[in-house]
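Consider the single chain below, provided in structure tokens and representing the form predicted alone.
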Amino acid sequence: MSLFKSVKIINSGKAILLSRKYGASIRYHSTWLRDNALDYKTRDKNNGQRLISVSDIPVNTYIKSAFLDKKGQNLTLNFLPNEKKVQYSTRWLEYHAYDKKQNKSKVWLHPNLKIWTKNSLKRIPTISYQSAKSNKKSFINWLKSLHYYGFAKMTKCEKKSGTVIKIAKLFGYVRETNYGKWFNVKSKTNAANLAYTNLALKAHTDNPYRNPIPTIQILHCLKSSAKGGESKVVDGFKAAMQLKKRNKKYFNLLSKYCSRFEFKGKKDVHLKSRFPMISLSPDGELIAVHFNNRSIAPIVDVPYRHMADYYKAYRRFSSIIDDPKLAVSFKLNPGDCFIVDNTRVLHARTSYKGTGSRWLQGCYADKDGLLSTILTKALHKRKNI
């Protein structure tokens, strides 16, 4: 289907203007177009990697001629001073358009993400371990939901130690830490981490004292006969946006200044980092929440004149995160696991006690593996774009 009706050279050849059949026109700069040519002299035909650098493109590169075919599906450009003829798919150009109105809001969420609360999340994205291994379509849709909501469940997993590694390898790569390739979450005497006790844990993101932090966490249930120990998850992005709505000043303080996080292990482990509790990209995208009451260190990056207000902001953000209206609760049975985006979704648990036991195994992975698995399937569908 044709997307465009005409092309026009503008700015003395330094740009072109493509007129859509419907909607606003789009502009592209000559240097951008030359840099992103898809011909075999610019991109390796086997791996798609760029064969030129920006310094290989003349500063005075301009477009001599532009031709749009009758169907509006392909655009041919001639570049000077280096005589170069390049053809582009207009679908590819549309997909990579950058001539857009800037988001009026200074803070924005990626359109591939959906924030939620207890009431708005109607169903936890869930798949069985067997379906994840055997049904590629269902598995990819589940991974998309995991990315979309920031967490998901998997059921009917093998009730064996080390299974959590097999789960991680379905979509990515295990991040080994000082805890090992995987770790056991159960009550211990003189525990090095409060997670290894039967105490309740408030909603938190894991390992904020690392740089970089693990971006995916998996927890797999092997035993669950003790009373209590329910799991909870909270959408940290929803909590951050609520804070912004209720008190923009507090939001700005938590996103402007760094908190400090620290962990001292028993075996020569001392980890420290500094991140804002609410992390934004330079153009205002909400990209991460770092929140952990157990491992926050003395905050020393906030000026004296702002520290009192910073703690007010910290207290308000904490109260929003603790709001029961935000939390989704569930009980993990043996063979169940849940996976969270550790840059976004906070997890918690209630205390457990009495007879019986509670044994989870966890491991860390990273989102690059998850997103790569999603994208490789999606790219097959749109390889002609």
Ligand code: OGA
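One rule holds for the numbers: they count along the sequence shown, beginning at 1. Not measured: the values here are computed from a predicted model.
There is another form of this protein, the form predicted together with the ligand, and it is not shown here; the text below is about that form.
Remark: of stretches 297-305, 199-207, 83-91, 114-122, the one touching the ligand in the model of the complex is 199-207 (heavy atom within 4.5 Å). Of the residues given (Ala239, Leu77, Leu219, Leu146), Leu219 alone sits with a heavy atom within 4.5 Å of the ligand in the model of the complex. Comment: the ligand is not present in this chain, but in the model of the complex one of Leu33, Leu68, Leu360, Leu326 has a heavy atom within 4.5 Å of it, namely Leu360.
By the criterion of a heavy atom within 4.5 Å, Val185 is counted among the residues contacting the ligand in the model of the complex. Heavy atoms of Arg349 reach within 4.5 Å of the ligand in the model of the complex, making it an interface residue.
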